[in-house]
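Quick setup: one chain, the form predicted alone, written in structure tokens, and binding and motion questions come after.
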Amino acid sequence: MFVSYRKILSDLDEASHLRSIKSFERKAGKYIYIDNKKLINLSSNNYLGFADNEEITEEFLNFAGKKYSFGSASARLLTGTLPVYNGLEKLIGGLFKKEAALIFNSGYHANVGINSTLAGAGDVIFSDKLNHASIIDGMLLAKGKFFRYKHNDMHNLEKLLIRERNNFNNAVIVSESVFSMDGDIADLKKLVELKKKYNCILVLDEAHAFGVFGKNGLGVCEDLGITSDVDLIVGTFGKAIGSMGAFAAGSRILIEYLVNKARPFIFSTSLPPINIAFSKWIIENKLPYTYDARMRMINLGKNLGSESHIIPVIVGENSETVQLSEILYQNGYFTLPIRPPTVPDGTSRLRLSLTADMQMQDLETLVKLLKDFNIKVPC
């Protein structure tokens, strides 16, 4: 029994492709502690340092007291919606100047739910080829058809729209704003232009931009002044906000449709009220005071050649990427290797994920080590 599974695992191990779950002693801001070793943590999405922050946790718990429980014990459509859930959704809708918002349990739940729901039979999705796996999984579950355009290639997207748009009823264009593995930014203004020209619904995943970009930290759409032109904005609480969960903000009809049709929303026990309250508290009480720190972080990424706070260091082969990760570990940097299927074959990499408390001097040794390997930042 399980012979075929063992063979697959053995093959993965031989190709330096086998994954395992690791536990960590403690995380604190830009640092992580493993076996009493202090390392600079470049594998986190804790961009603003709100997660695992003892002072912030204590301040929140003093605010929250005993008002919020640690479990909802029900789906949202049954008894899993308390006033704090409505309050967070109202807050998100108001910030984005949208009619409504909906909380999902994670970014994965949100993207699977949205992309499997909006494109029914006779509909179509046009998706950037480097969109997150959760978007791809949602499209695979959809009853509609989908096409993947070349990464950030608006000419290729328009060619597909010219060829295919009139063959379908509803059409959805979906893209990340800041791409999670490459750190580059989509041509959002052109996406808005094409959405209007070809009568499409535009869905933008701001998971890695919410809490980072924009005057108020709402994302790249806010930064570019195009929030009102995007039909559905998706974001997460589990990255810059330091909590857990995700949201979609848009027109009332789209949100109501998701409430009634998005299976990951309908059939999931809702998040613990304490987490919902924490997300709301962070957004109201901490995020407004992060502008300078966020701008320093983005500028640090730009100084390293990226468009954002995510810097891809593409090595290529799995074994070489694992080896480089280990060398960096021995020199005080924690950056895990990113391998297929997370990224395309032949593009295994280190994904340097910055946090707001990092400075260039923290990364000088890392840059030198990469140069010793004839690797530029980014590649």
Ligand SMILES: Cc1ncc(COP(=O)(O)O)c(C=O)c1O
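Since we're looking at a predicted model, the values are computed, not measured. Throughout, we count residues from 1 along the sequence that is shown.
Beyond the structure shown, there is the form predicted in complex with this ligand, which is absent from this document and is the topic of what follows.
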| property | result |
| --- | --- |
| Proximity to this ligand in the predicted complex (heavy atom, within 4.5 Å), stretch among 252-260, 119-127, 203-211, 68-76 | 203-211 |
| Complete contact of 111, 180 and 239 with this ligand in the predicted complex (any heavy atom, 4.5 Å) | yes |
| Residue 107, heavy atom within 4.5 angstroms of this ligand in the predicted complex | yes |
| Contact flag, residue 134 vs this ligand in the predicted complex, heavy atom cut 4.5 Å | yes |
| Residues of 87-101 having any heavy atom within 4.5 Å of this ligand in the predicted complex, listed in sequence order | none |
